[in-house]
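In the block that follows, a single chain appears as structure tokens, in the form predicted alone.
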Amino acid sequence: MEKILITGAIGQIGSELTMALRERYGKENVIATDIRMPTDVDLRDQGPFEFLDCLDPHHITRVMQIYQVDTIYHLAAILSAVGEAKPNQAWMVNVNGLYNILEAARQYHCALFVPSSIGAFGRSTPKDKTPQDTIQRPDTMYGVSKVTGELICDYYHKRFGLDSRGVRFPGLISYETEPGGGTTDYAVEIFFEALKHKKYTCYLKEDTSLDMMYMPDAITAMIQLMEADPSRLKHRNAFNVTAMNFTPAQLAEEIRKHIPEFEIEYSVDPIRQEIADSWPNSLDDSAAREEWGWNPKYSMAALTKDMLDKITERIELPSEQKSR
């Protein structure tokens, strides 16, 4: 049976991917790792968990040897807003950490998934329906590190035959874990604030249009790509994928269909607004659709209803709000 290693397993993507893979491949076959111990009991106890620092090659190889790993999902990373505050740390984790994982994957003949991002594009990239193959000149450390990752994964495939694969994620929305310092975090925070306080102050302008994806679709995309027939893949790394596109104002209007009294205000964070303005308005994901059958399930309306329902189940709310 295939043995799967996940780095960054406590993060926004990793926590949900770990549970999905354990359900699909068996709990004992999915090894969750991170630099912190998980507080989630299911994540910690329903399968192997190991401390692993991707900046330490010896940590990586020790875990690889113990569990005879076949596939790696490398999710450990510093996100966009944090990356601008700590550019040196972003480079160390996003590039040097990836290099260590690539070397381990090469040495132990593993398949490897590495996520990239719409942050890999820049102001000179075509903004609307951004092509799969186009100019990439990002002006954030996060973006620079993601382009570097895309190129080095391509290199390891061509030079060493490594089975490396990946997607460029848009903003990801989830009710399971708190946001981790990304530019699109508002699209998670807004749901919690709408339910708790019926008001949200957004740090992006009301007309900032960005592609987004609900986490269940993101999990499906990762697993589907890694299970795809490699002979169909003309591209291997950094497939554009997307599911929906909206502005903060449009998302607020959708929330008002469920919470009519919800109010949104704006207090623009110039750093995160500048990052968002450098990203595409929308992505062309036709290559992913053609090469491995990508087809998202959730629209903005479906996302909004499910987020509000799931958060209501998880947090303490006054009884009148639970009966909305």
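Residues carry their position along the shown sequence, with the first being 1. Since the model is a prediction, treat every value here as computed from it, not as a measurement.
We do not show the form predicted in complex with a small molecule, though everything after this point is about it.
Practice task
Spot the stretch among 124-132, 229-237, 110-118, 192-200 with residues whose non-hydrogen atoms come within 4.5 Å of the small molecule in the predicted complex.
Solution key: Going through the listed ranges, the match is 110-118.
Practice task
Have a look at Pro248, Pro138, Gly171, Gly166 for me and say which one sits with a heavy atom within 4.5 Å of the small molecule in the predicted complex.
Solution key: Result of the distance check: Gly171.
Exercise for the section: Consider the chain as shown here, without its partner, and state which of Leu79, Ala252, Val147, Cys153 has a heavy atom within 4.5 Å of the small molecule in the predicted complex. Expected result: Answer to the contact question: Leu79.
Problem - Close approach of Thr184 to the small molecule in the predicted complex, 4.5 Å, heavy atom - result: Although the small molecule is absent here, Thr184 would touch it in the predicted complex, with heavy atoms inside 4.5 Å.
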